[in-house]
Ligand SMILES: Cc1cc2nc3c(=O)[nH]c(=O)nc-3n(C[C@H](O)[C@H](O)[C@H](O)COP(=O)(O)OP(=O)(O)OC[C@H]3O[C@@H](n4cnc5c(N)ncnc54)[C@H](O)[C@@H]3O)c2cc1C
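Next up: a single chain in structure tokens, the form predicted on its own.
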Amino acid sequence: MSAHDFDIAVVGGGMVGAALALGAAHAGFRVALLERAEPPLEWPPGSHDLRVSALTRASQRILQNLGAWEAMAAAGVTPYERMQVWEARGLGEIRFDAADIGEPDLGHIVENRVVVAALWQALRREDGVEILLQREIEAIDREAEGAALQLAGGETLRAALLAGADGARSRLRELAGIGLTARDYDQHALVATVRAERGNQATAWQRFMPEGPLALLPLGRDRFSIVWTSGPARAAELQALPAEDFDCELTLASERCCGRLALEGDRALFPLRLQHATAYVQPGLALLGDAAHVIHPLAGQGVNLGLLDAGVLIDTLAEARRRGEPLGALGVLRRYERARKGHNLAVQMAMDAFKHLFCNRNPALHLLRNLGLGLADRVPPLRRGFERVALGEGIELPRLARMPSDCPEGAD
């Protein structure tokens, strides 16, 4: 039996887990990162990742401060300058424009593989992180000074803190016995990459229909990553359509906002679900990202919330170290939970409310939707407020999400 001693053992090397491991190492912590396999760091030219993220300015700064943004920009990130949202049955619509608030863009659309590869490239250059691949976790043991992971083959990994960033089906959360509040949406999201006849116009488009929204997220100059939400039967039908028939259905659903849309590559379906961990922390353990909360993809906020979780957890641990407190102490970890749980729940409930408001055939709600969109579009302060939210502003940000000049002197 062998033992490893770390300040933090991060389980899960996706976008949130890799960001946490890298940020914690930059803050001077000894970090272990456990992942089943190293992700691909390159891919065939012309291929597409069906999973993309809409990164806020706060997330962009996190990735810049971690040293990952330059590699991401080289691999391909797409800034979007405008966003247009409209109701399928009516005249209600709202247009957002970065120029309204003096910003160059409202955010960036990035393939998930680009984010992960850039973070792993940075991790490979970081001496403070030990990457442990192909480890199967069998049990968690609580210890006086933290916790231990019992791994297959008799290996024991000890750390002051275990951080679960291992996704919606978190093994660490399961082993810790942390429960979930969860609800299936009875909707599936169809994702694909398409080419637009008239280009994407550096604009994110979203049309609300009774069964669910259609989102067109710009990639490059003339492609979109689409997220088309509908009932399971309709989604399966769309996935099974011949490519030409799918193109016609999609172009019709988009109201030809960018001309004809043509499929490029595969289509995939993902069932949509709302879930939230009943607790984010236990002594020696903290959850973050999808292991703690899963929201409706309506506004693309999932990974942004997870990156903020990582930033706040690093701040919390750095403050505990300054105070001489054990990193895994429940009182320390409660500070992280208090800082993030309320915000995550508020965003989750807002997306849930939007889903029920817009995916509804009630005539009164239809009128309310149209009036609300029209009002927001015609009241500049209200519209600019939404634009600021889209940038990830309006909340207290962790140090990792701030420009260096915004951080107080002398802080770790």
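The first residue of the shown sequence is 1; numbering continues from there. Small disclaimer: the values here were computed from a predicted structure and weren't measured.
Keep in mind the form predicted together with the named molecule is missing from the figure; the text below concerns it.
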Single option in Leu238, Val303, Ala122, Leu219 placed near the named molecule in the predicted complex, where near means a heavy atom within 4.5 Å: Val303
Quick one: from Leu400, Met15, Ala9, Leu22, grab the residue that has a heavy atom within 4.5 Å of the named molecule in the predicted complex. Met15
Does any heavy atom of Val31 come within 4.5 Å of a heavy atom of the named molecule in the predicted complex? no
Does Asp290 reach the named molecule in the predicted complex, with heavy atoms at most 4.5 Å apart? yes
Does Val52 make contact with the named molecule in the predicted complex, using a 4.5 Å heavy atom cut-off? yes
Considering only heavy atoms, tell me if Pro79 and the named molecule come within 4.5 Å of each other in the predicted complex. no
Verify the flagged residues Met83, Arg234 and Arg267 against the named molecule in the predicted complex: is each one within 4.5 Å by a non-hydrogen atom? no
Among 99 to 107, 185 to 193, 202 to 210, 256 to 264, the stretch whose residues bring a heavy atom within 4.5 Å of the named molecule in the predicted complex is 185 to 193
What residues of 224 to 263, in sequence order, lie within 4.5 Å of the named molecule in the predicted complex by heavy atom? Val227
